[in-house]
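One chain comes next, on its own, written as C-alpha cells: the form predicted alone.
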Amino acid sequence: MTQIISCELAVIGAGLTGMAASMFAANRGIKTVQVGVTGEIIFASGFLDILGIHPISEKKPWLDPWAGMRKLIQDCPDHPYSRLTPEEIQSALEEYLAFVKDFGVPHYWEKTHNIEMITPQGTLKLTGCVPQTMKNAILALRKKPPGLFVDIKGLKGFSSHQIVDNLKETWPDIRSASIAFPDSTHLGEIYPEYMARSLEAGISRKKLAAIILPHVQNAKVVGIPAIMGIHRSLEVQADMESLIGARIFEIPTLPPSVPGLRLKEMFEEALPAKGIQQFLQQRVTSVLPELDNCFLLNIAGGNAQEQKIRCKGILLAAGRFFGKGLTADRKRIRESLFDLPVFQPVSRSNWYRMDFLDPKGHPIHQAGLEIDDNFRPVSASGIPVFSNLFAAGSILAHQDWIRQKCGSGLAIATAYGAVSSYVKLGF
C-alpha cells in the first residue's frame, strides 16, 4: 500500500538551494518534506560567492559586493537579486551562517567586502565568505609571512609547486613540498575524503604532522589541501597546528571536495533534527494539482518504496541541467515537472555564441523560470502559474551565476525569499 505523507511545504531539490530552503522553513516552524539527490553539493569548493563580477562582458570585479549588487539590479532589473533588498540578502546570509556554525561548519565573513582566497591552481579569487579552516589564508595573503605549501602524492589536480609559482611574485617568502600521506603508498591515487576521514583519528594526525614537520623550518603558515576532517574540522586543524608549530589553512581541491562533504553530512544530520523529513537520493516523478489547492507528489528512487506527498505548497530548487530541474531536447529547454514556461533563446541555434570564450557569456546560461516578486513562476503574461508554487536557485532566469560569481549567494538569498513569500502569503 502506498504511503501518503502530509506536509505544509515540499522542497524539491537537495543541493545548496534546497538545503537552505529547508533550513529557512524549519526555522519558521513550517512542516516540510524535502526530496532530492545530494550529488550537487559535494562539488562545492567551500567558497560562498555573493557577487564578484558585473558586467559579465567587462569582467569587472567588485571588492564591495553590495555596491556591485546595486549596480547589477540597476542594469539587470530581472535578475533574481532584484526581488530582494540588499538588507534582506544580508539577513539571509546571516541566518544561514548562524545555522551552519551551530551545527559545526563555521565560516569566516567580513560582511562589507569580498575577500581574496587561493584556488587549487594558485590563482586568487574574490569570494564573499569561506570556511573557517581557510581563514588563515586570507590573513596570510595580506601579511605575507614565511609560508609553506604542501601537496600530497597521488592527489590529482593539486600542485604546491604550481601554487608557489603563481604566488611567488607577490608573496616571495614561500616554498613548496610534496609528501606522502601516512600509510597510503599502496593506494596509488588518493582522494580527499579518504584523508579527511583518516584525520578524524588522532594517530593519523600525529603521523601526518611528523611527515610535514621537517619541511616547516621558518614557515609561519602552512597551506594544505582541504582534508582537515569531515566532522570537527576546527578541532582537527588546531591539533595539527599544535603538532607542527605553525598556522594551517586549507585550500580547496578538485571536486568532490571535503568542504562540500562537510555541508552535505551536516545538513543530513541537522535538518532532521529540526523536524525536516528528508527523502534523499530520490526524485519527484510526477506532480498532480488537487481540487483543494494542494499538490500530490509521487516520489521514487533507490530501493525505497514509492510514496506520495500531499502538500500545501511546493518550492522548486532542483537546479538547472545538472540537477535536472531543466531538460533540453532538440528544439527547446523544458522545466521537468510542470512543463512551466522557460525563458530561453528563440531557437536552439541561439543557445551559444560563435566564440566559445565570448566575454558576454552564452544565452543558454540566462535560461530558466521567470518569477514574480513573490518568487512564483509566471506565465508568458506574467501571471503566477500556481499561487502556491515557488522557485529558487539556479533554475531562475536572467542570471549567469558562474560568470557573475554569485552562486551560493543566489542559492541562499532566493531560498530565503521564496520561503518568506510562502509565509507572507499565508499558506
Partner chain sequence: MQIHKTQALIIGGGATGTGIARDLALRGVACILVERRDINAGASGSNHGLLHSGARYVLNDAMTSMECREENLLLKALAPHCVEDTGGMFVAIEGDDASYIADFPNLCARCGIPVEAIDPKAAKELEPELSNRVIAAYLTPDASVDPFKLSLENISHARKLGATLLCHHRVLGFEMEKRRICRVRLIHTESGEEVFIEADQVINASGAWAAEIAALAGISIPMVYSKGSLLVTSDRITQRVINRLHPPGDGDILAPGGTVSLLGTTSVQIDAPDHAHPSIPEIDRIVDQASLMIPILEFARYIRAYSGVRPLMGSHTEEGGRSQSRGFAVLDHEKDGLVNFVTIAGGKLTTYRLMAEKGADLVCQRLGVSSPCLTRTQPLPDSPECRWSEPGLSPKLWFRAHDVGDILLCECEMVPKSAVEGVISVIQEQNMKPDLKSISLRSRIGKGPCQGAFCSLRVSTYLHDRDARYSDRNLTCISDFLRERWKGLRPVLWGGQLMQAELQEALQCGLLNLELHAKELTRNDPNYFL
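Positions refer to the first chain, counted from 1. Computed from a predicted structure; not experimentally measured.
In what follows, reference is made to the form predicted together with the partner chain, a form of this protein that is not presented.
**Q** Does every residue of F43, W351 and I402 put a non-hydrogen atom within 4.5 angstroms of the partner chain in the model of the complex?
**A** Each of the three qualifies.
**Q** Is L254 one of the residues lying within 4.5 Å of the partner chain in the model of the complex, judged by heavy atom distances?
**A** Looking in the model of the complex, residue contacts with the partner chain include L254, since a heavy atom lies within 4.5 Å.
**Q** Using 4.5 Å between non-hydrogen atoms, is D165 touching the partner chain in the model of the complex?
**A** Yes.
**Q** Applying a 4.5 Å heavy atom distance criterion, does F321 contact the partner chain in the model of the complex?
**A** Yes, F321 sits close enough to the partner chain in the model of the complex that at least one of its heavy atoms falls within 4.5 Å.
**Q** Would you classify F158 as touching the partner chain in the model of the complex, given a 4.5 Å non-hydrogen atom cut-off?
**A** Heavy-atom contact with the partner chain at 4.5 Å: present for F158.
**Q** Just one of 25-33, 364-372, 64-72, 384-392 has residues with a heavy atom within 4.5 Å of the partner chain in the model of the complex, so point it out.
**A** So the stretch in question is 364-372.
**Q** Work out which of P192, G260, G229, P120 lies within 4.5 Å of the partner chain in the model of the complex, going by heavy atoms.
**A** If I apply the 4.5 Å criterion carefully, the residue I get is P120.
**Q** Within 4.5 Å of the partner chain in the model of the complex, heavy atoms considered, which of A180, L187, L280, L97?
**A** Answer to the contact question: L187.
**Q** Need the contact residues for 224-242: heavy atom within 4.5 Å of the partner chain in the model of the complex, sequence order, or none if there are none.
**A** The stretch does not touch the partner at all.
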